[in-house]
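The data below hold one chain only, encoded as structure tokens and taken in the form predicted alone.
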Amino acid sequence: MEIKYTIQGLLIYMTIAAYLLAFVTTLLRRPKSGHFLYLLGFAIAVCSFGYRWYHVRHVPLQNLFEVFLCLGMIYPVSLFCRRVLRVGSDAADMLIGAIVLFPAGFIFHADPQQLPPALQSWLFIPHVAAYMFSYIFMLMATFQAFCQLAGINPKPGENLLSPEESTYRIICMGFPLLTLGLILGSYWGKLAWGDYWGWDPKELWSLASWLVFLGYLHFRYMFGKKHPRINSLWAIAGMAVIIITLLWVNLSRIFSGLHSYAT
């Protein structure tokens, strides 16, 4: 546990506080106040990300501290899911925003690092950004899957999709981004290391997460809504593999590879 007594740390803690207040306020059935606090938290998160960008002199997507800092800017994805996909999980999204910022605020160090030569490529931003967006979508889908398993449904009159349908809709948005991240990473590997595939642990687990969600889409296409609990469990398993890809592969000494700079 590491508390950051810096401007960067203050911005992160202010964002977490705003998200948690928004979550509590929404639960107390004051949605307008909750939405204002949620938007305020997002504005602070953008300032925090911009401050980090200015501080390190490159797009802050290099290590796990910067990745979780980026994931904290969840508001646009949340708004898209509600307005376009008709998925209602504002309170959950506020809590997710606070949770994904916790590692940046209390676990990973914020010491600035120079961008290694392997990351000095035009593919750096689109490759990592595609994965970040896909991870947020899949995390939201996982929450909907838990709601389906718990029997939690939208209130009548809200014009929102059921949790099972919501899980599917969100994964349909996240899976193409997951695919794009995998393709861009493969092409980047060809440019940087001379081959499209190097059997690196991070590459293998990224492929594993893609295959799990591909299996989910195939299973749901074949059997539709006949097995909603299996659909939900499959989506949750996919998120578990993403967590392994993002955290365990980077932090465990078991999986040493070309992506060790991500720690």
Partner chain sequence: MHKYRRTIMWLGLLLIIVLTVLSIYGAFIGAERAEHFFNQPPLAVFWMALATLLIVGIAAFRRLVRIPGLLLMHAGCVLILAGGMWGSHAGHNLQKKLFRIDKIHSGRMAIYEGSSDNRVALDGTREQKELPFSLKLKDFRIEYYQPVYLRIQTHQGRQWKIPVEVGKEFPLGDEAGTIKIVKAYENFKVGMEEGKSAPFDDPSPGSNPALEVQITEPNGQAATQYVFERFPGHSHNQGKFSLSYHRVISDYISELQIVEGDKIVAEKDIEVNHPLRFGGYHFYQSSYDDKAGQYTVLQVVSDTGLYVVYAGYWMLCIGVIWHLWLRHIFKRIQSKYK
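For the two forms, the rigid core is made up of the largest set of C-alpha atoms that agree within 1.5 Å on superposition. Positions refer to the first chain, counted from 1. Computed from a prediction, not measured in an experiment: that's the story for all the values here.
Not on display, but discussed next: the form predicted together with its partner chain.
Peer 1: Using a 4.5 Å heavy atom cut-off, which stretch among 70-78, 90-98, 158-166, 118-126 contacts its partner chain in the model of the complex?
Peer 2: Selected stretch: 118-126.
Peer 1: Is there any non-hydrogen atom of N153 lying within 4.5 Å of its partner chain in the model of the complex?
Peer 2: Judged by the heavy-atom cut-off of 4.5 Å, N153 is well away from its partner chain in the model of the complex.
Peer 1: Does any heavy atom of I107 come within 4.5 Å of a heavy atom of its partner chain in the model of the complex?
Peer 2: Close contact is absent here: in the model of the complex, I107 is far from its partner chain, nothing within 4.5 Å, heavy atoms only.
Peer 1: When the contact criterion is heavy atoms within 4.5 Å, does G34 count as touching its partner chain in the model of the complex?
Peer 2: No - in the model of the complex, heavy atoms of G34 and its partner chain never come within 4.5 Å of each other.
Peer 1: Can you tell me whether F102 touches its partner chain? I mean in the model of the complex, with a 4.5 angstroms heavy atom cut-off.
Peer 2: Close contact is absent here: in the model of the complex, F102 is far from its partner chain, nothing within 4.5 Å, heavy atoms only.
Peer 1: Which residue among V59, L64, V212, I236 has a heavy atom within 4.5 angstroms of its partner chain in the model of the complex?
Peer 2: By the 4.5 Å heavy-atom cutoff, the listed residue in contact is V212.
Peer 1: Scan 174-206 and write down, in order along the chain, each residue with a heavy atom lying within 4.5 Å of its partner chain in the model of the complex.
Peer 2: Contacts from 174-206: F175, P176, L177, T179, L180, I183, S186, Y187, W188, K190, L191, A192, W193, G194, Y196, G198, W199, D200, P201, L204, W205.
Peer 1: Once the core is aligned, does K202 move its Cα by at least 2 Å between the shown form and the other one?
Peer 2: The answer is no, as the C-alpha of K202 shifts between the shown form and the other one by less than 2 Å after core alignment.
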